[in-house]
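Here's a solo chain for you in structure tokens, the form predicted alone.
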């Protein structure tokens, strides 16, 4: 669903992403790398918040820079930093987002109901965002990102700062949704316990692609026994060749 070709980005003379050729399809895709690997910059390029220094991004064969408005409507995004309006209620935040996509209040509430239930937010519509804890706010951002029924869901370090129970509930729900809705999920993380053997994994380090494939295949190719050893092998100073 998403392809990049020769995608690079520079801050001045500093290379942040270098010549990335990637493909993401329906299902749960993990973008893994240490802090500073370029994950958030990659999300910013996908959402057209930044423009590539070179190369391009395609969605179903259409270049994002040539059909931005139509393509961006197919994206749902949860950024690392919170973007909810703290002085509005849950309902108001959802309805405002829905209105931007041409949805009536009635339709937003209809679509939101199963999402709120699935993420443990039933009965919170009238609560102001300030009344929610950090885990509930993050869950609401996910509901908001899904209410217009996107084809692609981008989550940039969505579990950072959450307790283990909240992390597990969110990631399990997103995994199930990726399967039942044929949703292309791109989940960026630096937490190894969020990765499963059948995930499609893309590993970046210092802006360079060092691996792309299913976790089980990459473990086999690198002849290691687990995800932790795979990560160490791929991101060590001596790891030069992409697989």
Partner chain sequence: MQSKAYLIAFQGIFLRELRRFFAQKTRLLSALVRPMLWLVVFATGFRAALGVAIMEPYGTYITYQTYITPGLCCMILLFNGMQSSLSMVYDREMGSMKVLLMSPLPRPYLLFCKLMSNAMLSLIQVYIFLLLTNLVDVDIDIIGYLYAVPAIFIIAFFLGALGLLLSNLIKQLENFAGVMNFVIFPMFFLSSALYPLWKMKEASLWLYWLCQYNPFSYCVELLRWSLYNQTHLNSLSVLMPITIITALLALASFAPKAGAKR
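Treat the numbers as computed from the prediction; the structure is a model and nothing was measured. Positions refer to the first chain, counted from 1.
What comes next is about the form predicted together with its partner chain, which is not displayed.
Only one of 114-122, 132-140, 79-87, 164-172 lies within 4.5 Å of its partner chain in the model of the complex by heavy atoms, and it is 79-87.
Shown alone here, residue 51 lies within 4.5 Å of its partner chain in the model of the complex, counting heavy atoms only. Its partner chain in the model of the complex comes within 4.5 Å of no heavy atom belonging to residue 24.
For the chain shown alone, residue 149 is not a contact residue for its partner chain in the model of the complex, no non-hydrogen atom being within 4.5 angstroms. When its partner chain is considered in the model of the complex, residue 9 lines it closely, a heavy atom lying within 4.5 Å.
Contacts of stretch 78-112 with its partner chain in the model of the complex, defined by any heavy atom lying within 4.5 Å, are made by 79, 81, 82, 83, 85, 87, 88, 92, 96, 97, 99, 100, 101, 102, 103, 104, listed in sequence order.
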